[in-house]
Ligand code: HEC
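Just the one chain here, laid out as structure tokens, in the form predicted alone.
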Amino acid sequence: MEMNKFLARTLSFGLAVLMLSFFFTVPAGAALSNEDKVAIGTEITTIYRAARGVVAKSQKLINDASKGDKGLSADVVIAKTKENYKKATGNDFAMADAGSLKGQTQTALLDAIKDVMNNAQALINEKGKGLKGFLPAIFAKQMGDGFNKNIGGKAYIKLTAPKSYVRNRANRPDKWEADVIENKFKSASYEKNKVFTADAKHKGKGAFRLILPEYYKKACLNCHGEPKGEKDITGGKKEGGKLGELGGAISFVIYN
């Protein structure tokens, strides 16, 4: 009788361990609803865009050769990012639970912003130098690379654009992104600023994918506007983009 009780307890313990093991090895995106994934993707792309907006608005300051310290520390940029986030969403930025995927992605992106800005301080604050080359697209690429490293294979983000507008080959759209850009975002009937989502592979892995369209603003046209082919301040050729035209997209992935 005692042996039977011992076996029962052993089996119950073993089953509990097995269930816990399964719980902790389930992929990050597997237990999330589609609604959860859309919320996370929308949150992270909004923060990403908000941070890039800080650098975009600060270009004149960054390239001011007469000033040394520009006051654009990592803490200042993150504070301004949160201000932009509130303007875009109407809500104060709030960290989610640290154990949730939303909280992990928020932390990964904020840490990436900090690292990029800390590493760029010497360049940004170099007195006597005008154009620094610390452009919004450069910042966005470095921020995305940092996020992708920090999040440890659970998610992925990148800035992309229509193929004809991509300057950095690392930002070229993959097949899925290019299809959405050409056949959804460029369609006259597609709702402006609406994200597009789908379950589709990314780098050979099953994933939930979200992509946010972006449109040229007045400031963007200094480098990407008309006349097409003319050199901009960086030495690159202008694409001939027009105000309000689709100019890019932010692509986000949660792996299954």
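The first residue of the sequence shown is number 1, and the count goes up from there. The structure displayed is predicted, hence computed values, not measured ones.
Keep in mind the form predicted in complex with ligand HEC is missing from the figure; the text below concerns it.
inquiry  = Since only the chain is shown here, I'm wondering whether F196 would be in contact with ligand HEC in the predicted complex (any heavy atom pair within 4.5 Å).
reply    = Although ligand HEC is absent here, F196 would stay clear of it in the predicted complex, with no heavy atoms inside 4.5 Å.
query = Looking in the predicted complex, any heavy atom of V38 within 4.5 Å of ligand HEC?
reply = Output for V38 is no: heavy atoms all beyond 4.5 Å of ligand HEC.
query = Could you tell me if L159 has a non-hydrogen atom within 4.5 Å of ligand HEC in the predicted complex?
reply = Close contact exists here: in the predicted complex, L159 approaches ligand HEC to within 4.5 Å, heavy atoms only.
message = Can you work out whether S73 and ligand HEC are in contact in the predicted complex, taking contact to mean some heavy atom pair no more than 4.5 Å apart?
response = Residue-level check for S73: no, no contact with ligand HEC.
Heavy atom within 4.5 Å of ligand HEC in the predicted complex - residue from A108, I78, L101, V166 = Selected residue: V166.
ask   = Quick one: which of 87-95, 144-152, 167-175, 121-129 gets within 4.5 Å of ligand HEC in the predicted complex, going by heavy atoms?
value = That would be stretch 167-175.
message = If you apply a 4.5 angstroms heavy atom cut-off, which residues in 129-144 are near ligand HEC in the predicted complex?
response = Result: L135, A137, I138.
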